[in-house]
Ligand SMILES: Nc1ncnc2c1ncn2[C@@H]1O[C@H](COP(=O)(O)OP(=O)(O)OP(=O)(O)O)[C@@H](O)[C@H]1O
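Quick heads-up: it's one chain on its own, the form predicted on its own, in structure tokens.
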Amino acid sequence: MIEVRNVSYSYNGKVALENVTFSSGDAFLAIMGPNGSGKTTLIKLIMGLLEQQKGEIKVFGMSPKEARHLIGYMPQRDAIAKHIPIQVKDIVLMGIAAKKFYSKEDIERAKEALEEIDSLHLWNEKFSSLSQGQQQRVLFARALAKNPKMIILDEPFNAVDLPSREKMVEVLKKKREEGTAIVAVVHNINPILHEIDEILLLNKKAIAFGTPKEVLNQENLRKAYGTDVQMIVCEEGYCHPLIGDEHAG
């Protein structure tokens, strides 16, 4: 689904990504790494919101811009301006198309997306009046609204209450079973560790790529985070890194 070859990107001469290469199939991919490791930059490149300065990216065999209509995107909550009195229904409808007038089918699909995450009752509410968990659910519904072939989420569990997080994970699991590819940028990987197929461990360069059991070990985490990371091994044999869930860029 995603092919990234020798991709580099810099902001005003400051390196964000350097020679990143990986290939992800029909999978649930998690991208993790420390603050400033280039995670958000990478997904913006995959979506065609930025253009790589070196290397090549293919999504579903197309350029990122050509494939953008196949992708549902959940941005970080901070990307939505709080002072604009926009309603929940308008935010979810943005996930379908940017236009002045929406069809009856568009509205029904937006309502279905909210209903999937138990939030249809928020339809006429102002986004700024919602709790953090409710806001995350609404942004998640926006990503679901156009029935995408791929869902990309940027820090979906940042400062989210447990019921909202559990509901989002439940829906993501269902979407994977239906064949939707998923890419999630996460700081704390533990909420989805048992659901994902692949991990890209990133710190400007690709530190490791593979299954959770292949990637999550002390050596790789030390390379990425520059220090030893405490881990707990669960009954299923997964290493759960204790990194935290604060915002990460």
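Please read these numbers as outputs of a predicted model, since none were measured by experiment. Each residue number is its position in the shown sequence, starting from 1.
Not pictured, yet referred to below: the form predicted together with the named molecule.
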My question is simply whether P34 lines the interface with the named molecule in the predicted bound form - judged by any non-hydrogen atom within 4.5 Å. yes
Is K205 part of the interface with the named molecule in the predicted bound form - any heavy atom within 4.5 Å? no
4.5 Å heavy atom contact, C239 and the named molecule in the predicted bound form: no
Partner proximity in the predicted bound form: T40 to the named molecule, non-hydrogen atom cutoff 4.5 Å: yes
All of K14, Q76 and H187 within 4.5 Å of the named molecule in the predicted bound form, heavy atom check: yes
The named molecule in the predicted bound form - contacting residues of 146-170, heavy atom within 4.5 Å: E155
